[in-house]
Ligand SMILES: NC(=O)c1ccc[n+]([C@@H]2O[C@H](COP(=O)([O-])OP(=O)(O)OC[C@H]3O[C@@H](n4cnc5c(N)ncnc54)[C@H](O)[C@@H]3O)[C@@H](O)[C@H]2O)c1
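Quick setup: one chain, the form predicted on its own, written in structure tokens, and binding and motion questions come after.
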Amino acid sequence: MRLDGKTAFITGGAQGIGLATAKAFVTEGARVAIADINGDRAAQEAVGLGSDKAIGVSLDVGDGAAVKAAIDQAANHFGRLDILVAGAAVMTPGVSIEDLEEDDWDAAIRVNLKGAFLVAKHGIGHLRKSGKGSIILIASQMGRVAWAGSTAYCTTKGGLLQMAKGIALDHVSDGIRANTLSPGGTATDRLSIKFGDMDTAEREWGPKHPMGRLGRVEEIAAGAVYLASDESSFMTGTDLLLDGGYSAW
């Protein structure tokens, strides 16, 4: 029970990597607030984890007042917060910067980058009250490398790498650690939608990774457990890369 007694707030928590992380945290003894733009699904998933272990919160991560209210709600409900996971993200159309609409660029910045900033901004005070804490920003291997037609997404994920470094230095005296977790291509509904179905995603995207396959959400969640736990107590301001060797090509 590596997270026994700890409480986590997870954005993008109702599906994919976020949901797998919530489940892994509960398995390790934590209580979780599952925050997602799809509030109904967040509530449903929370019920599945147990009313004493999880709550669901409807949240637009780009709305500062809403983020503060949701984090305060979680802290008040559970009595403390120890872990923040900023995992909400949007993709952009696969086009060049020249052809990308301003609204799509703004949406990527608002959700992927500003959303993480707001979670940290409004959550750090609660972590400080708990005496220490861990902030995990879900980045991507695309924060280190680029992909044609994905400049906005790559930009936001690269920004998260720097954000974690800055937070780590600003709040080390508070006992708060901040790191990024960078998954490679991972078998989620989002990837299935992008490629049409999961078989196509596995066939076309999997071989881009030296290990020859897509990652599994449980593998990424295991990395989040490590970053949230005291096992990573000497780790801050850096990136945990779980990309099947993608960036080693």
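Just so it is clear, the structure is predicted and the values come from calculations on it, not from any experiment. Note that residue numbering follows the sequence shown and begins at 1.
Note that the form predicted together with the named molecule isn't included here; everything after this is about it.
Residue contact with the named molecule in the predicted bound form: residue 66 places no heavy atom within 4.5 Å of it. At the 4.5 Å threshold, heavy atoms of residue 38 reach the named molecule in the predicted bound form.
Mapping the unseen interface onto this chain, residue 190 counts among the residues with a heavy atom inside 4.5 Å of the named molecule in the predicted bound form.
When the named molecule is considered in the predicted bound form, residue 202 lies well away from it, no heavy atom lying within 4.5 Å. In summary, the region of this chain contacting the named molecule in the predicted bound form, judged by heavy atoms within 4.5 Å and restricted to 73-81, 169-177, 121-129, 135-143, corresponds to 135-143. Within 4.5 Å of the named molecule in the predicted bound form, a heavy atom is found for none of 24, 44 and 221. Residues 59, 60, 61 are the ones in 53-70 with at least one heavy atom within 4.5 Å of the named molecule in the predicted bound form, listed in sequence order.
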